[in-house]
Structures are given as structure tokens and as C-alpha cells.
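Before any questions on how it binds or moves, here is one chain, the form predicted alone, in C-alpha cells.
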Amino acid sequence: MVLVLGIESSCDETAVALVANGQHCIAERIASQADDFAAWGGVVPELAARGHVAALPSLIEDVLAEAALPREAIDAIAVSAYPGLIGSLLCGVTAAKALAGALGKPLLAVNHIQAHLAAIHLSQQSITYPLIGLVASGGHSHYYLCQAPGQMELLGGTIDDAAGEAFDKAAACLELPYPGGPNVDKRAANGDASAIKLPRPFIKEKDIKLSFAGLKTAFLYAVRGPQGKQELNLDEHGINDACASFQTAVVDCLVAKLLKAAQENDVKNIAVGGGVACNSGLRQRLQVEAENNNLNLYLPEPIHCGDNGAMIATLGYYQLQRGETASLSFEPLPSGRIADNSIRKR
């Protein structure tokens, strides 16, 4: 049994998990700062970094205590190394380096975006590759041709905003609490998706690309007048309808391009990862379309859709099997190409 400790701190979630053989999560902990940032309406990078510093030591100890294992039982330490907020990344990377150095264990520098798709291994006994993967989150909405965990080719994606960010902005228009995505999803379940006519940018274009900027603007004008400056005057039913209309438009775009990418690459396996993969409307639509198009669908369990340490440990396991270890001198990167596993050395 190979035990990998995963550390995630790329944005505002501090997470640690211990995963066996890249598949079985033995113990995990997540410290969210979402409530702290609700008043700001979004993440404050400096405050997020401070939160990681405060939370990481106890999270690591709690995970090991739950697993009833000493630190020496860990076979490798994996850490989210890029992309992300540089201050947040540095917190996790520093902790991972300290552990790896003290224990004399391999260090694994993990691409956070690739890890979102690797999370499907935590809920499936067997995954068939190649597959077309969509990572949809607050900062990313892109499609990849995946040959193995962490071996991915970018096919296309959003040219402006990400789906998760679009959900948050729609929620803000409706004066719903932050983070907006889960609140839109909850209200959409009781709404009429045909109540507001909204565009589906690029949905008929042959390219694998998305755009949510225009959709957000159309939604703003629909609920707050031609200039988007009127007071919100929707009743509870109206807000539900608005949420359902917006969510359906986003889901239509995401799913259409996923199916197109699968067809163009003659691939019968599809997967979706990232925080937006929690969205119930998206999950339901994917199940229907996968069945209608004779596709195998892989989705992470909801607990492993958002940022979490288990997905980092899982991808770290596969990198360890391929000998993709990192030096203790590597530096985290706030950005990086999805197909480039190299980490800058000092």
C-alpha cells in the first residue's frame, strides 16, 4: 500500500488528506474561509494566505490522528504547486517541503487543475482512458484530452470568464449570499428555466470555446433593467426562475462543448471535475446526455469536486509511479501551462 499525503492551498480552502494507492481516502480535513470572505464578496489573497498558515499544522495532525498512523508511515507528500494565488501556494508548498525534508520522503509538485480531473479515481474502481475532461470551477472552464492522470492536452475553453465566476456574479445580481454557485443551484430547483431568455454564446460554433461575459451582461440587464442599474424587484418565485434560467444556459454551453469534443476526438469516455461539477443541474444533464450518446461518464463525489487534499494526493500517487518527483528547491507558480509538468528549479 502506497500512502500519499496531499496538501491543497491554492486559493482559500486549506485541505489535507491521506490517500492509499491513489484511490482510497483514509482521512481528510478541509478548513474553508468562505464565511470569512462573504462580506468581501470574494477572496482576499493576503487574508487567505494568513488563514492557510493558521490552519495547516492542525489539519495535518488531525488527518494523521484519524488515520491512526505516524508520520513515518507516509510514503510521499504531494502539494498543489500551480496554478493559484502565489501567497496561498507558498503556504502549502512550504509545509510540504518541511515534511518531505524532515521525513526523507519524495516530494510531488501537483498541477491543481489536473488534480480536479484525477479526483474521479476516488469514486471509481476503474477509469478508462483516453477521456475528454472538463474542469469547471471559479477560475477555470476548459476541456482536455486525457491519456492518463496528469497527462492532458488542452482542447479549448473559456475566452473570458469561468463558469463558477459567472454563477457567483449572477448570485450577486440577485443579492444571494456568497459563494453564489450553491445558492443559485438550490434556488434553480424550484424555478422555471424558460422564464428568462438568455443567449448561449458559441454553442453552435465548431470551435471548443466558451464565453460567459456576454451571458452575465444579458442576465444583469434582464433582472435589473436595460442599464443594469435598477433595484431588484423580483419576488421569491422570480428569483427562482432567474436562477433556473441562468443555470440552464451555463449547463447548455458546458455540456454542448463536452459532447462536441468527445465526438471530434472519437472518445467514448467523459469526465467533469472542479467546483461546478457539484451543480445538480449539470450532473443531471450529464447523466442524460451520456446515456443518450452511449458515453461513459465519470464524476467525482461532491465532497471531492471543490478544492481538496484528496485530489492532490491522488494525482501525486500517479506522478510517483511515473517517477515525477520534485526537488526541495522548486518554486510554486501562480500560473502554468496545463500540459507542462515541469516545475521551475532554483
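Numbering starts at 1 and runs along the sequence shown. Keep in mind that this is a model prediction, so the values were computed, not measured.
The same protein also has a form predicted together with a small molecule, omitted here; what follows describes it.
Within this chain, G133 is remote from the site of the small molecule in the predicted complex, having no heavy atom within 4.5 Å. Using a 4.5 angstroms threshold between heavy atoms, D307 counts as touching the small molecule in the predicted complex. The small molecule in the predicted complex is approached by N279, whose closest heavy atom lies within 4.5 angstroms of it. Taking the partner from the other structure, the small molecule in the predicted complex has a heavy atom within 4.5 Å of a heavy atom of F167. Residues within 4.5 angstroms of the small molecule in the predicted complex, judged by any non-hydrogen atom, belong to 108-116 and to none of the other stretches in 69-77, 221-229, 108-116, 89-97.
Here is the short version: of G191, G139, G157, G150, the single residue with a heavy atom within 4.5 Å of the small molecule in the predicted complex is G139.
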